[in-house]
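Just one chain is shown here, as structure tokens, and it is the form predicted on its own.
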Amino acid sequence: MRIASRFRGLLAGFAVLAASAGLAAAQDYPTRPITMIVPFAAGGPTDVIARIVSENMSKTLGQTIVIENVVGAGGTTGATRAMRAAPDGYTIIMGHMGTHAASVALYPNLAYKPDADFEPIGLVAGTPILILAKKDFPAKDLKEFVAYVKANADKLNLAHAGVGSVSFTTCLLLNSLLNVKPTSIPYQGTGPSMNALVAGQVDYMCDQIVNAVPQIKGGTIKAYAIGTAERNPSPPDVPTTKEAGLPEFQASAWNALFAPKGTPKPVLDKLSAALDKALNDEGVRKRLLDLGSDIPGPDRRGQAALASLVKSEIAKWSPIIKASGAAN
């Protein structure tokens, strides 16, 4: 009995030492560069937002944040890598609606559970969705676009950033509303898919406003409507889907930071605080707002708010995806 008691005492002592060591490590964090995985190609909306925010966060944290683009499987390749990383705060991921909500229904054999295998850090930005087409697409407005797509769906090509991406999921909603199934062409990221639209290699796509505003202003593509209740100041002439005649299409994506499950709370708190400071910075805000992003207010920020958002988004998109038959 004495031996067993001593053994339990030793175990308790080791546990205290381990906890103390972990707390000390968290207090010193970070002592080396942090890797932020972006699960899509460079130049896409998630990548752009990640670079804007990480630049400011690195100043607050006193360490470089290195962006690592890990493409594939609609962002789930990068998300899987982040989930399997050491839970020490040195690998985080800029996830979004596709990787942490739509993926649940799209990939029955998904290697991770978005609402269980990650620690939420915070919501970064909302990104309204636009219905876009190549610049010489015949329709002059959304009503003509709808009529043309319905009449010619078997001849049209739709671009997206891979199954599970925001561009894929939101156009899945659009096509289900129109009851059409055009040829779907995947690209390794939203940047490459936008390049294909600009080049006229594809006919239309649904994309986040961050990626589309420069092209809209440059006249290299057409923008028919934005899937939000109000117009956006970045492309002020683009009507809402309600104004343009398709009020059922309401779509706005989001980007958020996550860490692997088990990352110490003090580390998460430091990352959340650095993100919050970035979102309050006037320079960061201007850059995000100029791109058309929606910056979350205080009530939508933080770890608890993001955890709730992930659960609600999984519940929202799963029935739409399952009904479409798009699951792999």
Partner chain sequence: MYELFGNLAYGLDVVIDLVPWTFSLFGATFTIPVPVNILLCLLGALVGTLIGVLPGIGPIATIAMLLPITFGLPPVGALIMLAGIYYGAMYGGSTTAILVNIPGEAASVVTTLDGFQMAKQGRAGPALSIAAIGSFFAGCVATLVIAAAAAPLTSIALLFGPAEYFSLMVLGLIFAVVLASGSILKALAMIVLGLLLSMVGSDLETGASRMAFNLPELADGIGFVVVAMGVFGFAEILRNLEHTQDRTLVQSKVTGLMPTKKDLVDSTPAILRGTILGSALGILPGGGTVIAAFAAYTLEKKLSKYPKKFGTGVIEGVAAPESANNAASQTSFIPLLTLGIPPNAVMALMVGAMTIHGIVPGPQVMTKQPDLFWGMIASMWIGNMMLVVINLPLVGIWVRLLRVPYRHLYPMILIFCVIGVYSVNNSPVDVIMTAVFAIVGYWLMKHNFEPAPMLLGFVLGPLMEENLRRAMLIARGDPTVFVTRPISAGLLALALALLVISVLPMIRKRRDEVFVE
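None of these values were measured; they are calculated from a predicted model. Residue numbers count along the first chain shown, from 1. For the two forms, the rigid core is made up of the largest set of C-alpha atoms that agree within 1.5 Å on superposition.
FYI, the form predicted together with its partner chain isn't displayed, but the following is about it.
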(request) With its partner chain left out here, work out from 137 to 145, 238 to 246, 92 to 100, 161 to 169 which stretch has heavy atoms within 4.5 Å of it in the predicted complex. (result) 161 to 169
(request) Decide whether K222 counts as a contact residue for its partner chain in the predicted complex under a heavy atom distance cut-off of 4.5 Å. (result) no
(request) Please run the contact check for P266 against its partner chain in the predicted complex: heavy atoms, 4.5 angstroms, yes or no? (result) no
(request) Examine K217 and determine whether its closest non-hydrogen atom to its partner chain in the predicted complex is within 4.5 angstroms. (result) yes
(request) With heavy atoms only and a cut-off of 4.5 Å, decide whether Y187 touches its partner chain in the predicted complex. (result) yes
(request) Flag this candidate site as yes only if N69, K155 and V198 all have a heavy atom within 4.5 Å of its partner chain in the predicted complex; otherwise mark no. (result) yes
(request) Using the arrangement in the predicted complex, list in sequence order the residues of 282 to 300 with any heavy atom within 4.5 angstroms of its partner chain. (result) R287, D290, L291
(request) With both forms fitted on the core, give yes or no for whether the Cα of P236 moves by 2 angstroms or more between the shown form and the other one. (result) yes
(message) My question is whether A102 is one of the residues whose C-alpha shifts by 2 Å or more between the shown form and the other one, given a fit on the rigid core.
(response) no
